[in-house]
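To begin, one chain is listed below as structure tokens, in the form predicted alone.
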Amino acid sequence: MLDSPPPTAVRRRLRQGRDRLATALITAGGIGVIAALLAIGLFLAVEVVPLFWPSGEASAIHAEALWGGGETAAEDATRHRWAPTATLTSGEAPRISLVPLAWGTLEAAAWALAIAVPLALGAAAHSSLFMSRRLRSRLKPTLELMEALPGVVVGFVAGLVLAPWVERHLAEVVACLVLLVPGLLLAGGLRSRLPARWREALPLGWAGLWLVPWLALVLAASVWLAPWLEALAFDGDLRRFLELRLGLDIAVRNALIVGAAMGFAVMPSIYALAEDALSGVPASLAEGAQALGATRWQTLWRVVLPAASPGIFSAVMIGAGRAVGETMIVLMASGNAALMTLNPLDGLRSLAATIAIELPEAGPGGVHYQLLLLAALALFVFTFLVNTLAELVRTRLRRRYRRLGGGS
């Protein structure tokens, strides 16, 4: 009778089998994702080809009609229109320009990042370097849970609650934005002048809590001072001043509302990734810089941020990718007006929102349907290129700072 293999050998073989199975599943998943992306891109490209090389008597669409402009501003305003289902008169050019949709997509993403990136990176730097561990262990999961909020909920609140409220209280909102930063600087200045015993009662590690009442006081003071500021600086009517003096039209749902809502939506993801990158920087680097006489700000700016820059850059690019592809927030909070203006108080229309609105009404195989798939292909290519560029830059930065132990 043959001797049975020892139990340790059996367990080793089982462990190796599980490892091989896990490796095979992970490899298959990665290959499946790549294959799915290639299939999506191939499908969109095949569906769009008949636009430029039609069969039969259908006329081809020229790239100039989609992306080109006129020689003058008046011609630009005429050509840059999106109304593919509009009835045209004889000799009138089709209104199928994708330029206003691309403009709206980039404008919404730009405002969202302008709001989200400073807040998210500031919160990440404070929580990873200055906040007490006890408070950080409670606040960080709460901020990360904000990412689970559906975009349709954020868009609903922004479009039906926030936008009308801002329209009715425009002066109060401007006053809050103007006085918020000076109020925070004033809080820091007042704390530095307090007696040592009082400063110990207000540690920087717990600033996330004791600043909340101060922020509420600043906001209340801003609302109280808003009528005086409006009378002093804007002749008593801010809306009239913007419309008559500056020539700015004010839409209820505009680019700033979209930027605020999308900034709120993308901020948790940027914060979580940036905070992980900053927390991964070895403490010895910061301690060494401070031992050499650097202040906390100098340590953060010249030591910690460069070491964590690959992870921070990836966080910002991931947030930008979500902002560009966001659909429901733009759909519900932007007004969906295909405009090309620099006025942040005007509405806009993005590529993703246009696809969501018009695709159910477009007949498969028709020109309108193919134009919408072309918009989807433009979004796909743009997102792919941005992510590829982000990965290349991140890899280069990671190699540069690897010797510091700051790779993330």
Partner chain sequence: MKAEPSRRLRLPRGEGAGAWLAAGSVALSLLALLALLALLTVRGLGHFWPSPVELVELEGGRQLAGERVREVPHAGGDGLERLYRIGNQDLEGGRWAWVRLSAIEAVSHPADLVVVERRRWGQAIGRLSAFQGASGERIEGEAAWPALEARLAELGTLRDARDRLREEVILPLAGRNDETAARELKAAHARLRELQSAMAGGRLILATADGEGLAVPLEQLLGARRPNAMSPLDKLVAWGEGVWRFLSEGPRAANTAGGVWPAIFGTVLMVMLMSILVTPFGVLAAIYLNEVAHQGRLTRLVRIAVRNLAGVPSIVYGVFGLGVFVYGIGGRLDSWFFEASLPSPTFGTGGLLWASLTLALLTLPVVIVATEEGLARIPDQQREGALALGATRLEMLSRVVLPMAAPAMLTGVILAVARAAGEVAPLMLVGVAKLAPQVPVDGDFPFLHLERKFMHLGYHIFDAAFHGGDVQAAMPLVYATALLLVLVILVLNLTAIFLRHHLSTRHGALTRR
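Owing to the predicted nature of the structure, the values given are computational and were not obtained by experimental measurement. Rigid core (definition): largest C-alpha set, two forms, superposition within 1.5 Å. Numbering follows the first chain given and starts at 1.
One more form of this protein exists, namely the form predicted in complex with its partner chain; it is left out here, but the text below deals with it.
Does its partner chain come within 4.5 Å of any heavy atom of Ala315 in the model of the complex?
Flag for Ala315 set to no.
Consider Phe52 of the chain shown here, and say whether it contacts its partner chain in the model of the complex, taking contact as heavy atoms within 4.5 Å.
It does not: once its partner chain is placed as it appears in the model of the complex, Phe52 has no heavy atom within 4.5 Å of it.
Could you confirm whether Arg199 comes within 4.5 Å of its partner chain in the model of the complex, counting heavy atoms only?
Taking the distances in the model of the complex, the answer for Arg199 is yes, it comes within 4.5 Å of its partner chain.
Does Val153 reach its partner chain in the model of the complex if we count a contact as any heavy atom within 4.5 Å?
Result yes; Val153 sits at the interface with its partner chain in the model of the complex.
Is it the case in the model of the complex that Leu106, Ala226 and Asn343 each bring at least one heavy atom within 4.5 Å of its partner chain?
Verified in the model of the complex; spot residues all out of contact, no.
Select from the listed residues Leu244, Leu232, Leu145, Ala114 the one whose heavy atoms reach within 4.5 Å of its partner chain in the model of the complex.
Exactly one residue meets the criterion: Leu145.
Can you work out which of Leu285, Ala221, Ala337, Leu211 has a heavy atom no more than 4.5 Å from its partner chain in the model of the complex?
Checking each option against its partner chain in the model of the complex, the one that comes within 4.5 Å is Leu211.
Given the stretches 244-252, 106-114, 272-280, 158-166, which is the single one in contact with its partner chain in the model of the complex, using a heavy atom cutoff of 4.5 Å?
This holds for exactly one stretch, 158-166.
Of 304-337, which residues get within 4.5 Å of its partner chain in the model of the complex if you count heavy atoms?
The stretch touches the partner through Gly325, Thr327, Met328, Leu331, Met332.
On a core-based superposition, does Trp214 travel 2 Å or more at its Cα between this form and the one not shown?
Yes.
Look at Pro364 and decide if its Cα position differs by 2 Å or more between this form and the one not shown after superposing on the rigid core.
It does not reach a 2 Å shift.
For Leu342, does the CA position differ by 2 Å or more between this form and the one not shown when the superposition is done on the rigid core?
No, its C-alpha moves less than 2 Å.
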